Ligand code: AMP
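Only one chain is shown below, in structure tokens, and it's the form predicted alone.
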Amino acid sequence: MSFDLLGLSDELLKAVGEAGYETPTPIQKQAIPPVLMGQDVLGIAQTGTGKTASFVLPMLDVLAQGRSRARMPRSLILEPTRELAAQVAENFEKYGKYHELTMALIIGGVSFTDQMKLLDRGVDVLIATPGRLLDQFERGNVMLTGVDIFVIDEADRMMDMGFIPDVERIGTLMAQRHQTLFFSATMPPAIKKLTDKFLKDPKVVEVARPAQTATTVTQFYLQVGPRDKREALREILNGDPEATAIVFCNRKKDVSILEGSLRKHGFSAGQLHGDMDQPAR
């Protein structure tokens, strides 16, 4: 199946083609048609399945009709982190190049004044993290009663980060009649309860991330004792002095310890984990 069989506009198909995509992923095949028809959608899918385009593409065509009003966005996309929100914004810019739609990104690290100016002009698409959105709401800079499409993305990550109460509150600030698109990689009881609250007779789409390694990646493993891991890692890194690497640890404490060990042995290393503040990251 190609994208031109999903009911998307010619303008959108042109943008998709210019982005280098010819065949929709399974979640795009299943989610795009019901979104275009105004149906609620429950998508159970991990990152890497093409999930973002499955709601961005049809939203662009749906929002092509209508006009935005000051401080009243026509659609709202909630993301758990500023990085994910920025990625979604990039998708709207890439695929919406032939649509005259306005967009605002409401996340931490960006001045309130600049965000207020965007909201005052009116936006078709508002992409936000829950905390910063509620800050703007409390200041009277945004109203959500005009939202026609509400997207909750990465819901299980929202739960892990403690954002579910904020998400529930944001939901109460909207008009009762709107379309909701809900995406989560897993469906624990707390998330299932949330879907029951937000969704009405949804189209359920469940896809697994393809268990496939990129052809440019070589996989292998070394079986070593707990005390030998750092030495084994140093040997691997020394095997290709020009190479760069990302090393994952299962605890934040281990990240700091490993960084110190690598620096001690002459490697240029940095750390990244959830206990670091945003400027340090």
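Just count from 1 along the sequence shown to find any residue number. Quick caveat, the model's predicted, so the values are computed rather than measured.
Only in words, not in the display: the form predicted together with ligand AMP, which the text now covers.
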| item | value |
| --- | --- |
| G225: touches ligand AMP in the predicted bound form, heavy atom cutoff 4.5 angstroms | no |
| Contact flag, S256 vs ligand AMP in the predicted bound form, heavy atom cut 4.5 Å | no |
| Touches ligand AMP in the predicted bound form: K94 (any heavy atom, 4.5 Å) | yes |
| Exercise: F267 in contact with ligand AMP in the predicted bound form, heavy atom 4.5 Å | no |
| Stretch from 61-69, 24-32, 243-251, 216-224 whose residues place a heavy atom within 4.5 Å of ligand AMP in the predicted bound form | 24-32 |
| Residues in 139-173 close to ligand AMP in the predicted bound form, defined by a heavy atom within 4.5 Å, in order | none |
